[in-house]
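To begin, one chain is listed below as structure tokens, in the form predicted alone.
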């Protein structure tokens, strides 16, 4: 029987793992500059080229941002450019105006079978459910139902959502220290039911996009599950493949 050969990780990948561990531990906060390549090279006992290659990969994953002449910073959802990483709905007229989030409801519940599976939490664990509208040019375009682990977002309330003027992810990052770093979506076509048609001001039966998303933080830990219904009368869903 052939013996399996040991697998070795390239040095820059090992450094990448160490940097990611420091990010996960909160050593450098969102929006904060990380140490220079020279300082990190000294810290890890490797060359600057090795550190640079590790940082390039992390920046390619949108976890770090290089700023010309300033250094490298931890990516933050407070950066307006981060919004359209996770919101792929684009106006047909090309006007990328920022949507307004309008909270409709927020309540606490216990995780059922589907929520516990999607969020990888115990059945019956506390969760927070919120419903909100996204408006573009004051027109309702998206209605979301969002499920969050209750233990991670204690203190999140309807009033908090009303008072916040940035994106939901910037709120969860700034107030609760939860960094959303990647998401997986499932998209299909559905017809608007009565409740959705009233929220989006479309006729009942109007075709909509159903976008179900699970969002992950460091360590591939799910921290959000949402189900959104998108009106595409004046918008389309843009996904760049490369």
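Because the structure is predicted, anything quoted here is derived from the model rather than measured. Residue numbers count along the first chain shown, from 1.
FYI, the form predicted together with another copy of the chain isn't displayed, but the following is about it.
- Residues placing heavy atoms within 4.5 Å of another copy of the chain in the model of the complex fall in a single listed stretch, namely 204-212, out of 170-178, 38-46, 204-212, 25-33.
- Contact with another copy of the chain in the model of the complex, defined as a heavy atom within 4.5 Å, is made by none of 107, 111 and 161.
- The closest heavy atom approach of residue 67 to another copy of the chain in the model of the complex falls outside 4.5 Å.
- Taking non-hydrogen atoms only, residue 186 approaches another copy of the chain to within 4.5 angstroms in the model of the complex.
- Taking non-hydrogen atoms only, residue 73 never approaches another copy of the chain to within 4.5 angstroms in the model of the complex.
- Though the partner is left out of this view, residue 88 does reach within 4.5 Å of another copy of the chain in the model of the complex, counting heavy atoms only.
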